[in-house]
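Take a look at this single chain in C-alpha coordinates; it is the form predicted on its own.
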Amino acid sequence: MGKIYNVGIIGGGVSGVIAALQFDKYGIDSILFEQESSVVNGPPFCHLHAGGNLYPDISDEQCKLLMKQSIEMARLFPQSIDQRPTFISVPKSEKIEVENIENRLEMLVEYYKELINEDPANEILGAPDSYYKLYSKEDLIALEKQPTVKWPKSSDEWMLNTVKLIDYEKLKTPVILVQEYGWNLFRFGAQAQLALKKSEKCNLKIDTLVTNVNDVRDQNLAYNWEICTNDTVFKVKYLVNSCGFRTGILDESLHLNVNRLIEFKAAYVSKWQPIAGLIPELVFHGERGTPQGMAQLTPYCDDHYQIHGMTMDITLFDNGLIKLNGSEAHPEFDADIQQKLQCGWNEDEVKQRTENAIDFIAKFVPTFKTAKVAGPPLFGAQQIPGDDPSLRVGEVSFPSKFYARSEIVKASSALTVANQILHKTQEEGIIPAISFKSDPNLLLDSIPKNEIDKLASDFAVQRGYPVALSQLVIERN
(Lines give C-alpha, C1' and ligand atoms only; values in the text may rest on other atoms or scores of the structure.)
Protein backbone atom coordinates (compact mmCIF):
# COMPACT_ATOMS: atom_id res chain seq x y z
CA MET A 1 0.00 0.00 0.00
CA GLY A 2 2.93 2.37 0.63
CA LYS A 3 3.51 4.82 3.43
CA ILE A 4 0.70 7.14 4.46
CA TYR A 5 1.86 10.48 5.83
CA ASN A 6 -0.13 12.35 8.41
CA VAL A 7 0.59 15.68 6.70
CA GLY A 8 1.59 16.68 3.17
CA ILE A 9 2.94 20.22 2.72
CA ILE A 10 3.22 21.73 -0.75
CA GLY A 11 5.67 24.62 -0.86
CA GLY A 12 9.01 24.94 0.94
CA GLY A 13 8.91 28.65 1.64
CA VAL A 14 8.97 30.16 5.11
CA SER A 15 5.50 28.90 6.01
CA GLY A 16 6.04 25.39 4.68
CA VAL A 17 9.35 24.77 6.44
CA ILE A 18 8.10 26.14 9.76
CA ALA A 19 5.03 23.92 9.56
CA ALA A 20 7.22 20.87 8.91
CA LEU A 21 9.55 21.79 11.78
CA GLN A 22 6.63 22.21 14.18
CA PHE A 23 5.17 18.84 13.23
CA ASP A 24 8.62 17.32 13.76
CA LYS A 25 8.84 18.94 17.20
CA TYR A 26 5.72 17.07 18.30
CA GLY A 27 6.67 13.77 16.66
CA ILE A 28 4.20 14.02 13.75
CA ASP A 29 5.39 12.71 10.38
CA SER A 30 5.09 14.88 7.27
CA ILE A 31 6.29 15.17 3.70
CA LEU A 32 7.32 18.56 2.30
CA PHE A 33 7.52 19.29 -1.44
CA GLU A 34 9.64 22.11 -2.90
CA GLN A 35 10.16 22.45 -6.65
CA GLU A 36 13.43 24.40 -6.34
CA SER A 37 16.79 22.94 -5.31
CA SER A 38 16.64 24.55 -1.85
CA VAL A 39 14.01 25.92 0.52
CA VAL A 40 12.91 29.53 1.09
CA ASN A 41 13.08 30.87 -2.47
CA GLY A 42 10.08 33.18 -2.21
CA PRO A 43 9.84 36.96 -1.85
CA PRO A 44 12.78 38.47 0.04
CA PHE A 45 12.70 39.68 3.62
CA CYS A 46 15.38 41.62 5.44
CA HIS A 47 13.61 42.93 8.52
CA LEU A 48 12.17 41.30 11.62
CA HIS A 49 9.21 43.74 11.86
CA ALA A 50 9.13 43.51 15.66
CA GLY A 51 6.55 46.25 16.07
CA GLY A 52 5.63 47.11 12.50
CA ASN A 53 7.52 50.39 12.58
CA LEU A 54 7.94 50.43 8.81
CA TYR A 55 4.16 50.76 8.44
CA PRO A 56 2.81 53.95 10.04
CA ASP A 57 -0.70 53.35 8.67
CA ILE A 58 -1.43 49.87 10.03
CA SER A 59 -3.44 49.31 13.20
CA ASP A 60 -1.97 49.04 16.69
CA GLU A 61 -3.28 45.48 16.84
CA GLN A 62 -1.31 44.51 13.73
CA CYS A 63 1.80 46.12 15.25
CA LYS A 64 1.42 44.17 18.48
CA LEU A 65 0.87 40.91 16.64
CA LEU A 66 3.93 41.52 14.46
CA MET A 67 6.00 42.13 17.59
CA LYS A 68 4.80 38.92 19.25
CA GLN A 69 5.31 36.84 16.12
CA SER A 70 8.71 38.35 15.39
CA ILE A 71 9.95 37.55 18.87
CA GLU A 72 8.78 33.95 18.49
CA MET A 73 10.63 33.56 15.20
CA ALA A 74 13.79 35.26 16.50
CA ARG A 75 13.88 32.80 19.37
CA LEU A 76 13.74 29.90 16.91
CA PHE A 77 16.37 31.26 14.49
CA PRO A 78 18.84 33.44 16.44
CA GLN A 79 21.60 32.76 13.90
CA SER A 80 19.60 34.61 11.25
CA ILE A 81 18.93 37.75 13.33
CA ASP A 82 21.14 40.82 12.83
CA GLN A 83 21.15 42.68 16.13
CA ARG A 84 21.45 46.17 14.77
CA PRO A 85 18.78 48.83 15.28
CA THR A 86 16.68 50.77 12.78
CA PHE A 87 16.67 54.53 12.23
CA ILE A 88 13.12 55.83 11.69
CA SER A 89 12.50 59.31 10.27
CA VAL A 90 9.87 61.40 8.51
CA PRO A 91 10.90 63.85 5.77
CA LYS A 92 9.57 67.38 6.15
CA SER A 93 7.67 66.91 2.87
CA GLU A 94 5.41 64.22 4.35
CA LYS A 95 2.09 64.46 6.19
CA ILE A 96 2.99 61.76 8.71
CA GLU A 97 3.30 63.17 12.22
CA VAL A 98 6.25 62.00 14.31
CA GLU A 99 4.03 62.31 17.38
CA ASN A 100 1.83 59.49 16.07
CA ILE A 101 4.88 57.25 15.74
CA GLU A 102 5.95 58.16 19.29
CA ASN A 103 2.52 57.24 20.67
CA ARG A 104 2.67 53.87 18.96
CA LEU A 105 6.16 53.20 20.30
CA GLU A 106 4.97 53.93 23.84
CA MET A 107 2.20 51.38 23.33
CA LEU A 108 4.67 48.83 21.99
CA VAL A 109 6.96 49.22 25.00
CA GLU A 110 4.08 48.38 27.32
CA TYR A 111 3.14 45.40 25.18
CA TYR A 112 6.76 44.22 25.07
CA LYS A 113 6.78 44.31 28.89
CA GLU A 114 3.65 42.14 28.92
CA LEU A 115 5.34 39.59 26.64
CA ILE A 116 8.39 39.48 28.93
CA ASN A 117 6.16 39.03 31.99
CA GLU A 118 4.57 36.05 30.23
CA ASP A 119 7.98 34.54 29.42
CA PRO A 120 11.33 36.17 30.34
CA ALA A 121 12.90 34.51 27.27
CA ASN A 122 10.90 36.95 25.14
CA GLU A 123 13.35 39.73 26.04
CA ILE A 124 15.26 39.47 22.79
CA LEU A 125 15.00 43.13 21.72
CA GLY A 126 16.94 44.44 24.69
CA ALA A 127 15.44 46.03 27.78
CA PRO A 128 11.92 47.40 27.18
CA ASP A 129 12.89 50.90 28.31
CA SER A 130 15.62 50.87 25.64
CA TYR A 131 13.32 49.68 22.83
CA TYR A 132 13.48 53.14 21.28
CA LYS A 133 15.11 56.54 21.79
CA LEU A 134 14.15 59.95 20.42
CA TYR A 135 16.67 62.49 19.13
CA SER A 136 15.96 66.21 18.75
CA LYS A 137 17.77 68.41 16.27
CA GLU A 138 19.95 69.67 19.11
CA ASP A 139 20.84 66.08 19.98
CA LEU A 140 21.84 65.41 16.36
CA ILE A 141 24.05 68.51 16.20
CA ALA A 142 25.82 67.49 19.40
CA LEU A 143 26.30 63.88 18.27
CA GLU A 144 27.65 64.95 14.89
CA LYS A 145 30.66 66.50 16.64
CA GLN A 146 31.69 63.22 18.27
CA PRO A 147 34.13 60.79 16.65
CA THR A 148 32.79 57.86 14.65
CA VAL A 149 32.57 54.51 16.45
CA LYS A 150 33.56 51.53 14.30
CA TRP A 151 31.55 48.99 16.28
CA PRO A 152 28.72 50.91 18.00
CA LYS A 153 27.14 49.41 21.09
CA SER A 154 24.84 52.09 22.49
CA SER A 155 21.95 53.92 20.81
CA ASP A 156 23.96 57.15 20.87
CA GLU A 157 26.91 55.50 19.13
CA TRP A 158 24.65 54.13 16.38
CA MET A 159 23.06 57.53 15.97
CA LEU A 160 26.29 59.53 15.88
CA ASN A 161 27.53 57.30 13.03
CA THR A 162 24.23 57.92 11.22
CA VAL A 163 24.03 61.67 11.67
CA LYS A 164 27.38 62.16 9.93
CA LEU A 165 25.91 60.68 6.73
CA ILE A 166 22.30 61.84 6.54
CA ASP A 167 20.94 65.26 5.57
CA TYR A 168 18.89 65.74 8.73
CA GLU A 169 17.81 69.22 7.64
CA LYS A 170 15.30 67.42 5.38
CA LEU A 171 13.79 65.50 8.29
CA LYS A 172 11.23 66.29 10.93
CA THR A 173 12.48 65.93 14.47
CA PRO A 174 12.68 64.07 16.64
CA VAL A 175 14.10 61.16 14.69
CA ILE A 176 14.01 57.72 16.29
CA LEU A 177 16.28 54.75 16.85
CA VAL A 178 14.32 51.56 17.54
CA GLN A 179 15.41 48.02 18.38
CA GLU A 180 13.87 46.48 15.28
CA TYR A 181 16.43 44.02 13.97
CA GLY A 182 17.48 42.64 10.62
CA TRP A 183 16.51 39.14 9.48
CA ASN A 184 18.73 37.22 7.05
CA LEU A 185 16.72 35.04 4.65
CA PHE A 186 19.74 33.02 3.47
CA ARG A 187 20.68 32.04 7.01
CA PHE A 188 17.09 31.30 7.94
CA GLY A 189 16.72 29.04 4.91
CA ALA A 190 20.02 27.31 5.58
CA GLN A 191 19.22 26.45 9.19
CA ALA A 192 15.72 25.27 8.25
CA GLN A 193 16.96 23.04 5.42
CA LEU A 194 19.76 21.53 7.52
CA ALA A 195 17.27 20.74 10.28
CA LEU A 196 14.70 19.21 7.94
CA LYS A 197 17.33 17.00 6.28
CA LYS A 198 18.32 15.81 9.73
CA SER A 199 14.71 15.20 10.77
CA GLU A 200 13.45 11.67 11.25
CA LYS A 201 9.84 12.81 10.91
CA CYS A 202 9.91 15.02 7.80
CA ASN A 203 10.59 13.67 4.31
CA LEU A 204 11.99 16.74 2.53
CA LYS A 205 11.53 16.50 -1.24
CA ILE A 206 13.45 19.33 -2.92
CA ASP A 207 13.75 19.51 -6.72
CA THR A 208 10.29 17.94 -6.74
CA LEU A 209 7.42 19.42 -8.75
CA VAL A 210 3.90 18.52 -7.66
CA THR A 211 1.99 17.89 -10.90
CA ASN A 212 -1.45 17.14 -9.46
CA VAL A 213 -3.37 16.58 -6.25
CA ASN A 214 -6.19 14.04 -6.19
CA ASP A 215 -8.98 14.55 -3.68
CA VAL A 216 -10.02 11.11 -2.40
CA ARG A 217 -11.80 12.27 0.76
CA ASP A 218 -15.06 10.66 -0.33
CA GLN A 219 -13.57 7.22 -1.05
CA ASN A 220 -13.38 5.99 2.55
CA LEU A 221 -9.66 5.26 2.34
CA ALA A 222 -7.06 5.46 5.10
CA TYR A 223 -5.88 8.75 3.58
CA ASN A 224 -7.55 11.80 2.00
CA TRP A 225 -5.19 13.10 -0.66
CA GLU A 226 -2.86 11.79 -3.35
CA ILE A 227 -0.01 14.14 -4.16
CA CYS A 228 1.38 13.34 -7.62
CA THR A 229 4.89 14.12 -8.84
CA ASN A 230 6.46 13.14 -12.16
CA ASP A 231 7.06 9.55 -11.10
CA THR A 232 5.40 8.90 -7.73
CA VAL A 233 2.08 9.25 -5.91
CA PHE A 234 2.27 10.10 -2.20
CA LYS A 235 -0.63 9.47 0.16
CA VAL A 236 -1.42 11.93 2.95
CA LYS A 237 -4.18 12.43 5.48
CA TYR A 238 -3.98 16.21 5.76
CA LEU A 239 -2.99 18.69 3.04
CA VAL A 240 -1.26 22.04 3.66
CA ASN A 241 -1.22 24.49 0.77
CA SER A 242 1.89 26.59 1.42
CA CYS A 243 2.52 27.69 -2.16
CA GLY A 244 2.81 31.41 -1.44
CA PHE A 245 1.35 33.57 -4.19
CA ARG A 246 0.61 30.37 -6.13
CA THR A 247 -1.81 28.99 -3.50
CA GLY A 248 -4.63 29.75 -5.93
CA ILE A 249 -3.42 27.16 -8.44
CA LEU A 250 -4.17 24.38 -5.97
CA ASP A 251 -7.39 26.11 -4.90
CA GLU A 252 -8.58 26.12 -8.51
CA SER A 253 -7.92 22.41 -8.90
CA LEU A 254 -10.07 21.83 -5.81
CA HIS A 255 -12.79 24.20 -7.10
CA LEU A 256 -12.31 26.68 -4.26
CA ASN A 257 -12.85 30.42 -4.75
CA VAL A 258 -10.83 32.74 -2.55
CA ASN A 259 -10.74 36.52 -2.20
CA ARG A 260 -7.09 37.55 -2.50
CA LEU A 261 -4.58 39.98 -3.93
CA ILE A 262 -1.09 39.10 -5.10
CA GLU A 263 1.73 41.62 -5.33
CA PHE A 264 5.11 41.62 -7.06
CA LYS A 265 7.90 43.67 -5.46
CA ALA A 266 11.68 43.94 -5.65
CA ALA A 267 14.64 45.19 -3.64
CA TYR A 268 18.03 46.09 -5.08
CA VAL A 269 21.61 45.15 -4.24
CA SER A 270 24.31 47.81 -4.19
CA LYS A 271 27.87 48.28 -3.01
CA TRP A 272 28.99 51.57 -1.47
CA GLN A 273 32.30 53.08 -0.46
CA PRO A 274 33.67 51.83 2.88
CA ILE A 275 32.46 53.93 5.80
CA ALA A 276 34.18 54.42 9.14
CA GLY A 277 31.56 52.87 11.40
CA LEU A 278 28.50 50.63 11.23
CA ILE A 279 25.14 52.25 10.67
CA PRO A 280 21.64 51.01 11.47
CA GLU A 281 19.02 50.25 8.88
CA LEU A 282 17.77 53.62 7.62
CA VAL A 283 14.07 54.30 7.00
CA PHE A 284 12.70 57.55 5.59
CA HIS A 285 8.90 57.37 5.64
CA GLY A 286 6.78 58.45 2.70
CA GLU A 287 3.48 57.74 1.01
CA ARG A 288 3.57 54.41 -0.79
CA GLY A 289 3.26 54.57 -4.58
CA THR A 290 4.07 58.27 -4.83
CA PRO A 291 7.45 59.69 -5.93
CA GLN A 292 8.08 60.26 -2.19
CA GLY A 293 7.41 56.66 -1.12
CA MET A 294 9.30 55.16 1.81
CA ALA A 295 13.07 54.78 1.33
CA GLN A 296 14.83 51.94 3.15
CA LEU A 297 18.55 51.16 3.22
CA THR A 298 19.59 47.87 4.80
CA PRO A 299 23.30 47.33 5.59
CA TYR A 300 25.05 44.02 4.97
CA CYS A 301 28.68 42.94 5.23
CA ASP A 302 31.52 44.04 2.96
CA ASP A 303 29.92 47.44 2.15
CA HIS A 304 26.83 45.90 0.54
CA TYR A 305 23.39 47.45 0.96
CA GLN A 306 19.89 46.41 0.04
CA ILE A 307 17.51 49.17 -1.09
CA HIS A 308 13.73 49.48 -1.08
CA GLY A 309 12.01 52.53 -2.54
CA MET A 310 8.23 52.33 -2.39
CA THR A 311 7.78 54.11 -5.74
CA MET A 312 6.66 52.81 -9.12
CA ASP A 313 10.14 53.03 -10.64
CA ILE A 314 11.92 51.16 -7.84
CA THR A 315 10.20 48.54 -5.66
CA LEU A 316 6.65 48.77 -7.01
CA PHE A 317 5.50 47.98 -10.55
CA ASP A 318 2.75 48.92 -12.94
CA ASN A 319 0.24 46.04 -12.75
CA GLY A 320 2.26 44.65 -9.86
CA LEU A 321 -0.78 44.45 -7.56
CA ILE A 322 -3.61 42.35 -8.95
CA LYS A 323 -6.71 40.65 -7.62
CA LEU A 324 -8.65 37.60 -8.63
CA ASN A 325 -11.14 38.05 -11.43
CA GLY A 326 -14.59 36.58 -10.88
CA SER A 327 -14.38 32.86 -10.12
CA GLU A 328 -10.67 32.70 -10.92
CA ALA A 329 -8.76 31.67 -7.79
CA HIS A 330 -5.28 32.43 -9.17
CA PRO A 331 -4.84 35.81 -10.87
CA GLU A 332 -2.04 36.16 -13.42
CA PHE A 333 0.53 38.92 -13.74
CA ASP A 334 1.18 40.55 -17.08
CA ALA A 335 3.82 39.21 -19.47
CA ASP A 336 6.62 41.47 -18.15
CA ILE A 337 6.28 40.33 -14.54
CA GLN A 338 5.75 36.70 -15.57
CA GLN A 339 9.03 36.95 -17.47
CA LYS A 340 10.82 38.18 -14.35
CA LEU A 341 9.35 35.44 -12.17
CA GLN A 342 10.05 32.62 -14.58
CA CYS A 343 13.15 33.61 -16.54
CA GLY A 344 14.86 36.50 -14.78
CA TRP A 345 15.41 40.17 -15.45
CA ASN A 346 16.64 42.20 -18.37
CA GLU A 347 20.09 43.56 -17.45
CA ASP A 348 19.23 47.08 -18.56
CA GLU A 349 16.23 47.16 -16.22
CA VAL A 350 18.32 45.83 -13.33
CA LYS A 351 20.79 48.65 -13.90
CA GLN A 352 18.12 51.32 -14.31
CA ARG A 353 16.02 50.38 -11.29
CA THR A 354 19.06 49.90 -9.04
CA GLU A 355 20.41 53.28 -10.07
CA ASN A 356 16.96 54.79 -9.44
CA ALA A 357 17.12 53.26 -5.96
CA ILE A 358 20.61 54.64 -5.32
CA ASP A 359 19.54 58.13 -6.37
CA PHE A 360 16.46 57.84 -4.16
CA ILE A 361 18.54 57.06 -1.06
CA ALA A 362 21.04 59.80 -1.98
CA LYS A 363 18.33 62.42 -1.40
CA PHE A 364 18.78 61.72 2.31
CA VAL A 365 22.30 60.20 2.36
CA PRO A 366 24.16 62.42 -0.15
CA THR A 367 27.38 60.40 -0.39
CA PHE A 368 25.40 57.27 -1.28
CA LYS A 369 25.27 58.61 -4.84
CA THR A 370 28.63 56.85 -5.37
CA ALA A 371 27.09 53.39 -4.76
CA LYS A 372 27.09 50.88 -7.64
CA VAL A 373 24.96 47.95 -8.79
CA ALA A 374 26.25 44.83 -7.02
CA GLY A 375 23.96 41.99 -8.07
CA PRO A 376 20.52 41.04 -9.32
CA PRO A 377 17.41 42.25 -7.52
CA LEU A 378 15.87 40.32 -4.67
CA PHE A 379 12.32 39.87 -5.86
CA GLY A 380 9.17 37.83 -5.66
CA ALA A 381 5.41 37.87 -5.29
CA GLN A 382 3.29 37.43 -2.20
CA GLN A 383 -0.37 36.84 -1.56
CA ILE A 384 -2.50 39.17 0.55
CA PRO A 385 -5.73 37.60 1.78
CA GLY A 386 -8.86 39.69 1.26
CA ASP A 387 -8.83 42.99 -0.61
CA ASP A 388 -6.81 45.32 1.64
CA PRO A 389 -3.31 45.89 0.18
CA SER A 390 -2.16 47.50 3.45
CA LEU A 391 -2.71 44.26 5.42
CA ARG A 392 0.54 43.09 7.01
CA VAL A 393 -0.68 40.25 9.20
CA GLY A 394 -2.06 37.23 7.35
CA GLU A 395 -2.36 33.78 8.82
CA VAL A 396 -4.25 30.68 7.69
CA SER A 397 -7.69 29.55 6.53
CA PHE A 398 -9.38 26.15 6.45
CA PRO A 399 -11.71 26.22 3.44
CA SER A 400 -12.62 22.53 3.62
CA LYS A 401 -12.01 19.46 5.76
CA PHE A 402 -8.46 18.10 6.00
CA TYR A 403 -7.14 21.14 4.09
CA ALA A 404 -5.27 24.26 5.23
CA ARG A 405 -4.20 27.24 3.17
CA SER A 406 -1.31 29.32 4.53
CA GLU A 407 -1.95 33.03 4.00
CA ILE A 408 1.08 34.70 5.54
CA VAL A 409 2.02 38.21 4.41
CA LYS A 410 5.08 38.64 6.62
CA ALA A 411 7.53 35.82 7.31
CA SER A 412 7.19 36.43 11.05
CA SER A 413 3.64 34.99 10.96
CA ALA A 414 4.83 31.51 10.00
CA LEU A 415 5.02 30.01 13.50
CA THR A 416 1.53 31.26 14.36
CA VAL A 417 0.25 29.59 11.18
CA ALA A 418 2.04 26.32 11.92
CA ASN A 419 0.51 26.14 15.40
CA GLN A 420 -2.96 26.91 14.05
CA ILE A 421 -2.60 24.05 11.58
CA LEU A 422 -1.41 21.74 14.37
CA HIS A 423 -4.54 22.59 16.37
CA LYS A 424 -6.75 21.94 13.35
CA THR A 425 -5.22 18.54 12.61
CA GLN A 426 -6.03 17.60 16.21
CA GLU A 427 -9.60 18.85 15.91
CA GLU A 428 -10.11 16.80 12.75
CA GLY A 429 -8.66 13.64 14.29
CA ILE A 430 -5.54 13.39 12.13
CA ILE A 431 -3.13 13.48 15.07
CA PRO A 432 -3.66 12.75 18.76
CA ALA A 433 -4.02 15.50 21.34
CA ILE A 434 -0.69 17.07 22.20
CA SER A 435 0.40 19.50 24.88
CA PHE A 436 1.85 22.63 23.30
CA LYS A 437 5.20 23.75 24.66
CA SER A 438 7.10 27.03 24.37
CA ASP A 439 10.46 25.34 24.91
CA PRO A 440 13.11 25.46 22.14
CA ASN A 441 13.01 23.34 19.01
CA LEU A 442 15.81 20.88 19.75
CA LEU A 443 16.22 19.93 16.10
CA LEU A 444 16.89 23.55 15.11
CA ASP A 445 19.16 24.07 18.09
CA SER A 446 21.27 21.07 17.04
CA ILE A 447 22.47 22.74 13.83
CA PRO A 448 26.03 24.12 14.24
CA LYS A 449 26.75 27.73 13.30
CA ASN A 450 29.54 26.73 10.88
CA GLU A 451 27.09 24.59 8.91
CA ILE A 452 24.62 27.48 8.72
CA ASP A 453 27.45 29.78 7.56
CA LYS A 454 28.45 27.37 4.78
CA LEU A 455 25.00 26.56 3.42
CA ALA A 456 23.81 30.18 3.63
CA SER A 457 26.87 31.19 1.59
CA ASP A 458 26.12 28.43 -0.93
CA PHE A 459 22.51 29.62 -1.23
CA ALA A 460 23.62 33.17 -2.01
CA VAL A 461 26.12 32.05 -4.65
CA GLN A 462 23.71 29.56 -6.26
CA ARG A 463 21.09 32.29 -6.59
CA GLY A 464 23.54 34.80 -8.05
CA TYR A 465 23.99 37.12 -5.06
CA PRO A 466 27.12 38.33 -3.24
CA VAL A 467 28.20 36.07 -0.37
CA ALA A 468 28.07 39.15 1.86
CA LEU A 469 24.28 38.97 1.83
CA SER A 470 24.44 35.62 3.66
CA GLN A 471 26.48 37.00 6.57
CA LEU A 472 25.44 38.87 9.71
CA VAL A 473 26.74 42.41 10.13
CA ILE A 474 27.12 41.64 13.84
CA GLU A 475 28.35 38.10 14.45
CA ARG A 476 26.62 35.99 17.09
CA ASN A 477 28.26 33.38 19.27
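Each residue number is its position in the shown sequence, starting from 1. This structure is a prediction, so every number in the text was calculated from the model and none was measured.
Another form exists, predicted together with a small molecule; not displayed. Remarks below refer to it.
Using a 4.5 angstroms threshold between heavy atoms, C46 counts as touching the small molecule in the predicted bound form. In the predicted bound form, no heavy atom of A222 sits within 4.5 Å of the small molecule. Taking the partner from the other structure, the small molecule in the predicted bound form has a heavy atom within 4.5 Å of a heavy atom of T208. At least one heavy atom of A411 is located within 4.5 Å of the small molecule in the predicted bound form. From the list 424 to 432, 30 to 38, 445 to 453, 57 to 65, the contact stretch for the small molecule in the predicted bound form under a 4.5 Å heavy atom rule is 30 to 38. Within 4.5 Å of the small molecule in the predicted bound form, a heavy atom is found for not a single one of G189, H304 and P466.
Between the small molecule and the residues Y403, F87, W183, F368, the one pair within 4.5 Å by heavy atoms in the predicted bound form involves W183. A heavy atom within 4.5 Å of the small molecule in the predicted bound form is found for one listed residue only; from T354, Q193, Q382, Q79, this is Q382.
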